[in-house]
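The chain below stands alone and is given as structure tokens, in the form predicted alone.
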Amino acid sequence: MKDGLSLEQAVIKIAPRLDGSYAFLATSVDDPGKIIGTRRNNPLVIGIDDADYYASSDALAFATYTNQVISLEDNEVAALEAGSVEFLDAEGNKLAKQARTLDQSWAKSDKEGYQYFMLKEIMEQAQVLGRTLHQDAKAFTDIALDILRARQVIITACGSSRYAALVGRYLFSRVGKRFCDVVMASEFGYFADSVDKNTVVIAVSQSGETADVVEGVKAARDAGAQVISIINRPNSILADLSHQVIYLNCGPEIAVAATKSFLSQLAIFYLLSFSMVNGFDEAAAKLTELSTTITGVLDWNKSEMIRLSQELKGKHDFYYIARGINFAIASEGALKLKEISYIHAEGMPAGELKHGTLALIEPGTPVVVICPADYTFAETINNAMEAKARGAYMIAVSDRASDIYDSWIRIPEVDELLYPLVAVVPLHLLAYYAAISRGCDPDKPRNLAKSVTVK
């Protein structure tokens, strides 16, 4: 600008010299009526309402004011002034961009009487499941066929989405007889050499903006892979990069910790796996029946979760164990506990407990065992007994009673492939009440963000 360039010209000149990913707005005392925005590998959206304009990394920030949204592509520039907005490409040429309409449900950010958004989102999981099932059966069948035809299938995700993907991997194998691998997104780039046009990459991200996932998908597309994304938020970077997109339809999730979106991701994987054997309608029917069951699970266990959280709030270590399809739920339960209550928690396959971790079990150590009466019950109970013999305080998530439980989180008997959906709900509730009992804000855990847009 000292050389005479305008603010937007200066941004265009400087942006290519920046390393890494970014989304920023620039202002200047020399041109006070103007705001210039640009982005690379991070979201930046512009909201438009008559003569009012908004800029944010997330349309939720202005959704109560307007539902007209324009997303910037990499290296594009938005110049906002009072009463106007102009879009430029990386060379400064003017662009004509069309606004998209944001679903009005995304403008809702009311706690509806709950103390925290997280509790509201946990309690509405049953009705959310119903909305998730509003999918196009033919589209699912087409995607399932693409998965079956591919030489290799890779699911990439982070955090809770990765644990949902692990359940999905099991379902693909058990129902569709299709093996696939799950690679955490931050590591996906190191496996990129094996990705080609015969690869289907399934990217799972609640926000559709997760930086590691987006970068991996870009590399996969460049290698010729077909990209299928499972996303909750509309108008995201990941959606634009994908060949096919499946939306969770669970509405805005305000709390940082994923709850209802996790359950919706499980449901999507359930529908996809059954679509591989032409069973979409069967899966949808079973999941519809499960909605009422999930409400019952919450009602049964609320008082026990409150009691447990008070009793164990001074503990510093929790261990979550399970086998088979339930292992990923152990990991998800542990993640929720540590991210919002700041208690160290570890999830692992029950069979791995004696390969090192058993040395950490001492009298009073809480061990959460997910042991429904399915094909894993006997072996998982044996592992729980090993921990109990060392003095562990056993918390069981099960539909079958046992004398070794110190606390029983009761779930109903369901089809063995559906246990993850009923087991995870009380674990989310336990984490919530643990955070409350320790004086933590479950909606805004320290050091964490809802959308992880940096690597």
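Note that residue numbering begins at 1 and tracks the sequence as displayed. These numbers come from a predicted model, not from an experiment.
Keep in mind that the form predicted together with a small molecule is not shown, yet the notes after this line are about it.
For a residue to qualify, one of its non-hydrogen atoms must sit within 4.5 Å of the small molecule in the predicted bound form; none of 260, 326 and 331 qualifies. Proximity to the small molecule in the predicted bound form, defined as a heavy atom within 4.5 Å, holds among 273, 206, 236, 264 only for 206. For the residues 242, 376, 365, 160, the 4.5 Å heavy atom test against the small molecule in the predicted bound form is passed only by 160. Within 4.5 Å of any heavy atom of the small molecule in the predicted bound form lies no heavy atom of residue 304. Taking non-hydrogen atoms only, residue 76 never approaches the small molecule to within 4.5 angstroms in the predicted bound form. Contact check for residue 124: every heavy atom lies farther than 4.5 Å from the small molecule in the predicted bound form. For residue 256, a non-hydrogen atom is located within 4.5 Å of the small molecule in the predicted bound form, even though that partner is not displayed. With the small molecule left out of view, the stretch that reaches within 4.5 Å of it through heavy atoms in the predicted bound form is, among 151 to 159, 186 to 194, 79 to 87, 276 to 284, 151 to 159.
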